[in-house]
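Single chain ahead, written as structure tokens, the form predicted alone.
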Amino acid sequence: MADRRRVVGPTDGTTPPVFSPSPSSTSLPPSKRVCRDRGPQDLRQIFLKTSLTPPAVGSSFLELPSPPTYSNSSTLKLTCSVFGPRALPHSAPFFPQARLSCELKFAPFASPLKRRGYVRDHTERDLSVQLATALQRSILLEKYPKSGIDVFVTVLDCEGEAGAVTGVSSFHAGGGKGGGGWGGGGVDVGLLGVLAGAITCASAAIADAGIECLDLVSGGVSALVRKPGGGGDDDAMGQEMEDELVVVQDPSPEEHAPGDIVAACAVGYMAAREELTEVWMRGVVETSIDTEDKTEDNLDRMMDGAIMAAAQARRVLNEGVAERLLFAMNMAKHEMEIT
């Protein structure tokens, strides 16, 4: 007699399918690894669309194209939903400003190297806090007392290791024998690209929800990349250090070798007010503390590159918000003509 309260397995044994891992661009030999075919200041085309999630008050979708590689490479795909402003429960204490809650979550299939769990880990919580910091300064929270604004960002696909434990570059200032130099490490810019894309996508969704803001926030990423074919002896490393580093905007992990990226920086930038709302840097970079030195150090160059990348992303953000605004105006005009 069969037990109807228990799920019985198959009578015959089954063998689960085993798939071989797909090769990534970082596992390819240097001769076949794809190189960056665009200029240091050229950004990839950004696809941004708003009002794609009907249940949400405001929503948006952002996608970056993947570079042409010899394998199936990943790209960046983000979706954002905004709910609110909504009234808080009566039991909640009075707040003169709205409560902004941001949650960034990776889909289980988002990471190309490992499958993520359904429970948020420390990486997702850290990115959520940084996203809230970047958006909080742009929203007029005092316009919505005792209310809540919820922002949910889901990462559908991402580049690089996307939250895996990675070490920073083994470069240390000072160069020379026994004093640092270049190592085999590097900085994975996958998380930085996720944060910059989430800032742009969330700002578009907030504007689509009709929430009053001081300005729109766009995200930008830049990195200090070692020039191909650079290098030399340890004695000459300190003298040629400035000539071997180049600032690259919108870096992609698929376009650079693991040890080529020395440091990277992601910013949240309000272009109309010329203000930074978020700065996140990974890696070790040399900076100058001499006030009389007129040359621009690597940190300033990298920051300026990230701001320029955010300013270019702001153009796409403006077009996406303006397209939604024109659509709403045409719909309202059409309804008035019908009535």
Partner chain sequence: MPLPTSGIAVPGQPLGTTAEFLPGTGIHIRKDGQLSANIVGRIHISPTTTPPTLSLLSSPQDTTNSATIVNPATLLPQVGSTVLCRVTRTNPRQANVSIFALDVVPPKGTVVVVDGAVAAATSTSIPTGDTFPGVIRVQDVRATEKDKVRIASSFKPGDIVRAAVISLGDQSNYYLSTGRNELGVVVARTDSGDLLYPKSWKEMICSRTGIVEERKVAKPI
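Quick caveat: nothing in here was measured; it's all calculated off a predicted structure. Positions refer to the first chain, counted from 1. Only the largest set of C-alpha atoms that superpose within 1.5 Å between the two forms is called the rigid core.
Not pictured, yet referred to below: the form predicted in complex with the partner chain.
Peer 1: Pick from 260-268, 138-146, 189-197, 122-130: which stretch has non-hydrogen atoms within 4.5 Å of the partner chain in the predicted bound form?
Peer 2: Selected range: 138-146.
Peer 1: Test of understanding: in the predicted bound form, would His90 fall inside 4.5 Å of the partner chain by heavy atoms?
Peer 2: Yes, His90 lies within 4.5 Å of the partner chain in the predicted bound form.
Peer 1: Would you check, heavy atoms only and a 4.5 Å threshold, whether Ala209 touches the partner chain in the predicted bound form?
Peer 2: So Ala209 counts as contacting the partner chain.
Peer 1: With a cut-off of 4.5 Å between heavy atoms, is Val316 one of the residues that contacts the partner chain in the predicted bound form?
Peer 2: Outside the cut-off, so no.
Peer 1: May I ask you to state whether Val246 is within 4.5 Å of the partner chain in the predicted bound form, using heavy atom distances?
Peer 2: No, no contact at 4.5 Å.
Peer 1: Report the residue, out of Val285, Met303, Leu48, Val57, that has at least one non-hydrogen atom within 4.5 angstroms of the partner chain in the predicted bound form.
Peer 2: Checking each option against the partner chain in the predicted bound form, the one that comes within 4.5 Å is Val57.
Peer 1: Just give me the residues of 302-329, first to last, that have a heavy atom within 4.5 Å of the partner chain in the predicted bound form.
Peer 2: If the 4.5 Å heavy-atom criterion is applied to the partner chain in the predicted bound form, 302-329 yields Arg314, Asn318, Val321, Ala322, Leu325, Leu326, Ala328, Met329.
Peer 1: For a quick test of reading the superposition: does His90 move by 2 Å or more at the CA between the shown form and the other one, rigid core aligned?
Peer 2: Yes, shifts by 2 Å or more.
Peer 1: Given that the distance between the C-alpha atoms of Cys102 and Ser91 changes by 3 Å or more in the predicted bound form, do they end up closer or farther than here?
Peer 2: Residues converge in the predicted bound form, at least 3 Å closer.
Peer 1: Might you say whether the CA atoms of Ser147 and Ala328 end up closer or farther apart in the predicted bound form than in this form? Their distance differs by 3 Å or more.
Peer 2: Farther is correct, given that in the predicted bound form the C-alpha spacing of Ser147 to Ala328 is increased by at least 3 Å.
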